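This document opens with one chain alone, in structure tokens, the form predicted alone.
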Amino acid sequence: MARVILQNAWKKYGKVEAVKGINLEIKDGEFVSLLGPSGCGKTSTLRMIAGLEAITSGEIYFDDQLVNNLDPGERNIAMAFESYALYPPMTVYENIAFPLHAAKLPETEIKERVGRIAEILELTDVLNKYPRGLSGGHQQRISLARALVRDADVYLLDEPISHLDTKMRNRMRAELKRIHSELQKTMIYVTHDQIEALAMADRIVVMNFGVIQQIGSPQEIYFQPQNLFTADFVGEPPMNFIDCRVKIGQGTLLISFDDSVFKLQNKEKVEKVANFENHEAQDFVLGVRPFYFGISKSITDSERETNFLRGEIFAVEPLGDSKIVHVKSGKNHLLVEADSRFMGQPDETIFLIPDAGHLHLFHKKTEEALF
């Protein structure tokens, strides 16, 4: 096992800066996901750790050993790619067993290891077949099996289940998490799929434009986003954002937009805004996740004292046990997750009541979260 440390790591391709001076420590035995959109630098980071890309500047350590100049074969890593990179002349069994034969392990141990990983990844019935005659999903599982069968210090997985169908992808998330729990080895998993990262990782590293945006547990990333990018990228359906201004009066935070005003009496949140210099002259963004909006077709006199938004239904998407209601409110297009029993028609007036405990406030210019 190994602890992986990146110190001020840069990767440049000519004038293009793919990774910009990131600092990251991955604990021994930890499952960490590098999450972000295409071109964010996550795969370049993984390839630098693997030794497949030369680091432009900075240092990479496995435990206390500097590995900048070590070849991939000297780092004791196992890697699975989004592209399968299988050997066509070899059977599935031979592809999976290849790194074990290269390590000159006893044949009995090789058969045991290959059989076990093939059973986990549902490849037992194709071990004697050749990759070229199998589906893309099969080939991706073979590539993954060839990586996981090794006894490596660090496992590097680059979009390893992206080509599987939805049902198999859901199954493989659970299998990978269980495999990690059994192996207790360091795993670094690259994905653009936030569901994969949230479901499997001990910690998530959110990246964009070669910069780390936030590092935290899945709960921290989801419930406590530190900036607009993380808040917008993580969550399905995505978070709603509403431009607003803020004011403090008699210990109450007033958040105003269009013809509505939200009132918050949370002392901690009031103090955070109060400490923001010249806050009344600044532009802010209010964030609310779709299922933290209550939805109603009418407002009682007592409810008019609470925070609410008036809007009109734009469209309704039934999703089985829930519905996504698209709402036009002023210039905003909002998404609300409603119970499957909710009935509504386009252009119908509705009222949205936010959960005051799950509001997020971001400074519009810096995009940093106040709370």
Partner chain sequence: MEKNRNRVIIASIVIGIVLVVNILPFLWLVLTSLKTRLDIFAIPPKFIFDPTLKNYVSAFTKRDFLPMFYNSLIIAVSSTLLSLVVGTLGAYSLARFKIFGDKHISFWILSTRMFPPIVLVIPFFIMATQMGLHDSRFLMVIVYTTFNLPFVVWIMRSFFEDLPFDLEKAAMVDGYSRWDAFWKVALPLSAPGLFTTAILCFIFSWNEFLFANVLTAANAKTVPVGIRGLVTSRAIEWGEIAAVGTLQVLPVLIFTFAAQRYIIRGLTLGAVKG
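Owing to the predicted nature of the structure, the values given are computational and were not obtained by experimental measurement. Residue numbers count along the first chain shown, from 1.
Although not depicted, the form predicted in complex with the partner chain is the subject of the following passage.
> Where, among 46-54, 30-38, 62-70, 328-336, do residues come within 4.5 Å of the partner chain in the model of the complex by heavy atom distance?
Result for this chain: 46-54.
> Heavy atom to heavy atom, is K185 within 4.5 Å of the partner chain in the model of the complex?
K185: no, not in contact with the partner chain in the model of the complex.
> Does any heavy atom of R146 come within 4.5 Å of a heavy atom of the partner chain in the model of the complex?
Yes, contact at 4.5 Å.
> Does N128 reach the partner chain in the model of the complex, with heavy atoms at most 4.5 Å apart?
Result no; N128 lies far from the partner chain in the model of the complex.
> I'd like to know whether A85 contacts the partner chain in the model of the complex, with contact meaning heavy atoms within 4.5 angstroms.
Taking the distances in the model of the complex, the answer for A85 is yes, it comes within 4.5 Å of the partner chain.
> Is the partner chain close enough to M79, A102 and R132 in the model of the complex that each of the three has a heavy atom within 4.5 Å of it?
Yes: M79, A102 and R132 each sit within 4.5 Å of the partner chain in the model of the complex.
> Using heavy atoms only and a 4.5 Å cut-off, determine which of H138, R150, R289, H180 is in contact with the partner chain in the model of the complex.
It is R150 that has a heavy atom within 4.5 Å of the partner.
> Have a look at F276, F98, F209, F223 for me and say which one sits with a heavy atom within 4.5 Å of the partner chain in the model of the complex.
Exactly one listed residue reaches within 4.5 Å, namely F98.
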